[in-house]
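Only one chain is included here, represented as structure tokens and corresponding to the form predicted on its own.
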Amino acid sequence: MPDTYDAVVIGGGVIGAATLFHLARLGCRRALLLERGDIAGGSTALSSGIVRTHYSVAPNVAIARASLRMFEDFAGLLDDPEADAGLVRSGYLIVAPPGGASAVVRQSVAMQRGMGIECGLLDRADALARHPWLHLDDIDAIGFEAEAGFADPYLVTTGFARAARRLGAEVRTGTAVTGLLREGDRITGVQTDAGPIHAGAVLSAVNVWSRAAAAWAGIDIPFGITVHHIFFLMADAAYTSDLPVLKDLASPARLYMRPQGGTLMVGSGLDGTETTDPDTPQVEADTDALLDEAAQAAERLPAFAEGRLLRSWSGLYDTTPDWNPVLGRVPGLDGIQVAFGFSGHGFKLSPMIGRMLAQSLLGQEPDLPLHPYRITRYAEGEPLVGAYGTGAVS
């Protein structure tokens, strides 16, 4: 008897795990997730874990707000009192110099407020009261979102997977998908290294491996892979978790920074370095580049002028031309949907996107529209380019 499921999710990162959970929660009786390695064993585990609703793209704001509510009540969402997203509500500060960046911060805050987000503009005194480590002499606009912060990508992803299992879904790790089953213009399942699996609907949520999945389906996708580095600095005093997440649009690298165990986590908001290999091992960062970014961090946080560089790691972004994801159906091909191109935004959007994708896979109308994220938007001349540009905030 063939191995048959109502829905199969390919990919055990946070998007795949969230979708599996919502499929099961919405009543999908036979849902299966396939992961060639371990749950949260890829890019998800390397995420900085920042959660915020500050975007200049309105659909992103709406998804991020709904996702934040799910992070807040993660135990309730999963119906598991022991579930923990590791959420720290430190707030989110975004600072900009005079000029265009300042105007965009002000516009974005106004849009968020109009959508019901608890946020606003701070003067320097208020900002320093919340974050006394800051140097702000060159800053013109300071946006603050009170409910933002950071969470734990591993806890969230494994929490979704465990909850899905409790609801009857199945997770198979160590199982590689090697192709798709196809009858004419319909995908009818997947081929794995353990044999074929038939499915009423398939979701490809394989992050930087999406080009291979697209080739199985015979489609071309707007897609690239970029390498990004995160590093950690230590000062003489502990950089505590009550200090807000910080986005510095005045720094040349458009740095983002957050507390991590008494240290400062730092990452660049630029485009990154292109690669064609989704299996790229850890890429050693250019020491001079890291030291330059560390100096930029110290410009904003002078306590790190003599900071010690502790460690760094690299991760891969699956990027699209507008640095926003592609979600949903593929024109001319039934039975498959896609989720790729999160461009560093996937974790913060994952709880709600998982629900939207699950609803779509089950033939339901998603709570928020998938239309802005359709794969055809580039050919139609309607990309989701944010006012901050690519590789920054979106």
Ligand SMILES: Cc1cc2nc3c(=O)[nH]c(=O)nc-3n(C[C@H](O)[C@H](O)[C@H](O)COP(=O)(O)OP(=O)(O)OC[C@H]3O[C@@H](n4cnc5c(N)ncnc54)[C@H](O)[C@@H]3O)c2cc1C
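Just count from 1 along the sequence shown to find any residue number. Bear in mind the structure is a predicted one, so any value in this text is a computation, not a measurement.
There is another form of the same protein, the form predicted in complex with the named molecule; it is not shown, and what comes next is about it.
Practice item. Sort through 363-371, 61-69, 35-43, 329-337 and report the only stretch with a non-hydrogen atom within 4.5 Å of the named molecule in the predicted complex. Key: In the other structure, the partner sits against 35-43.
Check your understanding: Ala7, Pro351 and Arg355: each with a heavy atom within 4.5 Å of the named molecule in the predicted complex?
Key -> Looking in the predicted complex, the three residues Ala7, Pro351 and Arg355 all stay beyond 4.5 Å of the named molecule (heavy atoms).
Check your understanding: Applying a 4.5 Å heavy atom distance criterion, does Val14 contact the named molecule in the predicted complex?
Key -> Flag for Val14 set to yes.
Practice item. Report whether the minimum heavy atom distance between Gly315 and the named molecule in the predicted complex is within 4.5 Å. Key: Taking the distances in the predicted complex, the answer for Gly315 is yes, it comes within 4.5 Å of the named molecule.
Check your understanding: Is there a non-hydrogen atom of Ala103 within 4.5 angstroms of a non-hydrogen atom of the named molecule in the predicted complex?
Key -> No, Ala103 stays farther than 4.5 Å from the named molecule in the predicted complex.
Check your understanding: Within a 4.5 Å heavy atom cut-off, is Ala176 in contact with the named molecule in the predicted complex?
Key -> Although the named molecule is absent here, Ala176 would touch it in the predicted complex, with heavy atoms inside 4.5 Å.
Point to revise | the named molecule: the contacting residue among Phe304, Tyr92, Trp323, Tyr256 in the predicted complex [heavy atom, 4.5 Å] | key: Residue within 4.5 Å of the partner: Tyr256.
Review point. So which residues in 201-225, when you check the named molecule in the predicted complex, have a heavy atom no farther than 4.5 Å from it?
Key: Ala205, Val206, Asn207, Trp209, Trp216 sit within 4.5 Å of the partner.
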